[in-house]
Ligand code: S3P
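What follows is one chain in structure tokens, specifically the form predicted alone.
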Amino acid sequence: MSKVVVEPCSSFRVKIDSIAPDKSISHRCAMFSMLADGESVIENFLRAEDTMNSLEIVKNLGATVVDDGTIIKISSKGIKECEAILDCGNSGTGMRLFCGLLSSANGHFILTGDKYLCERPMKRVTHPLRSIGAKLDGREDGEFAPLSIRGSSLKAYNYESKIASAQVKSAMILAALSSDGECRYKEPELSRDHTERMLKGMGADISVKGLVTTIKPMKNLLKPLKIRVPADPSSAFFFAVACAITPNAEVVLEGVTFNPTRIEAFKALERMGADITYDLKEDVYEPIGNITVKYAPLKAIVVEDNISWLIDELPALSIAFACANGVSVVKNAEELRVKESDRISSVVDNLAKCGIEVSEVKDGYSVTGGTLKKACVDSFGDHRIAMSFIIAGLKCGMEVSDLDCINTSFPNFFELLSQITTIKR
């Protein structure tokens, strides 16, 4: 799809029970099933381009995948070398986690992706993995894909990361499971913890104390997964922002994970003044429930803590900044520059086109709340930029171009949006 024109919306009240399943958890379900003794059963797997690429990769690595359209069953007898080049599409999560998973596998593997992924930095993963014996290479000394991996014996480690990244941490945890001794991984602040939660649920010997994760190598294969993937809070957040900027609006978002490392953006929106309540329904691998958001006038805030917990939601949160009273500031967020696009520049450039006063610095930006104006903006090939500015269109109307990227994470986004406003394609 080349572009859409979104019409303004005066108010809405909706209940949404089909938010896209969580992308991070879906990726991990496919990968972690390769470590299990028996058949993993996965309900509500995200059927988007990125996650289906991960599912195709595990097939190529020897897993048996049975998919009846509702439930996916995955069985594996270990990772096998294959002739296929393993295509991660647009997914940095897929590529970085597969680096960790394959570093100790018997064989030679090639990981690649689309033009955007092949320009994203990979040395943040390849360098620490190399330091424990992994044989990884790629363009510019392992900085860019395609990446070549030749499985090898991995050493126990005591590694202190300079960045808070769930992708780097997860790659190192996966490598630790096949290392020759106990491993310790320390990060500067706690990043998202789906990997630790899921692997512990499968029986892995993993403990977390403060900012240090301790991992003991697997003695045996893990227990298979039996999981229903919750709704993705990052996807749900677009509709939370839609509600927060639309007078008299209310939305109920059903079946969302309440993992504290995943709902920080909702907490930020609460600090801005939005009326948000949480109704917990279950807590097995992840705490899951319903989130209700009601409109209230927004005020500016400073966002500088727990940045790794809301790194994906900052583009959408920036739309709320643009509608708030005062100057909102984002700090300590240089990680935004190495996502699907340089999200600092993407947000700043597009908000400026919409008539909003913005200022950019190396590790963040400031947004002066004002009146959004209709504009023609570009997604920069980034699904979160695309959807954020489509949501902005609910306030003023908007034309957004380069939209194929939305299918990487949220295939039914437009179907749900059509419950709220008119979309011209």
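Given the structure is predicted, the values throughout are model-derived calculations rather than measurements. In this text, residue numbers run from 1 along the sequence as written.
The same protein has a further form, the form predicted together with this ligand, not shown here; the description that follows concerns it.
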Quiz item: 201 to 209, 308 to 316, 247 to 255, 145 to 153: which one contacts this ligand in the predicted complex at 4.5 Å, heavy atom to heavy atom?
Solution: 308 to 316
Practice problem: Using the partner position in the predicted complex, report whether Ser409 sits within 4.5 Å of this ligand, counting heavy atoms only. | Solution: no
Quiz prompt | 4.5 Å heavy atom contact, Ala164 and this ligand in the predicted complex | solution = yes
Quiz item: Do Ser76 and this ligand share at least one heavy atom pair within 4.5 Å in the predicted complex?
Solution: no
Quiz item: Thr93: heavy atom within 4.5 Å of this ligand in the predicted complex?
Solution: yes
Quiz item: Check Lys15, Arg228 and Lys281: does every one of them have a heavy atom within 4.5 Å of this ligand in the predicted complex?
Solution: no
Quiz item: What residues, if any, in 20 to 46 have a non-hydrogen atom within 4.5 angstroms of this ligand in the predicted complex?
Solution: Ser24, Arg28
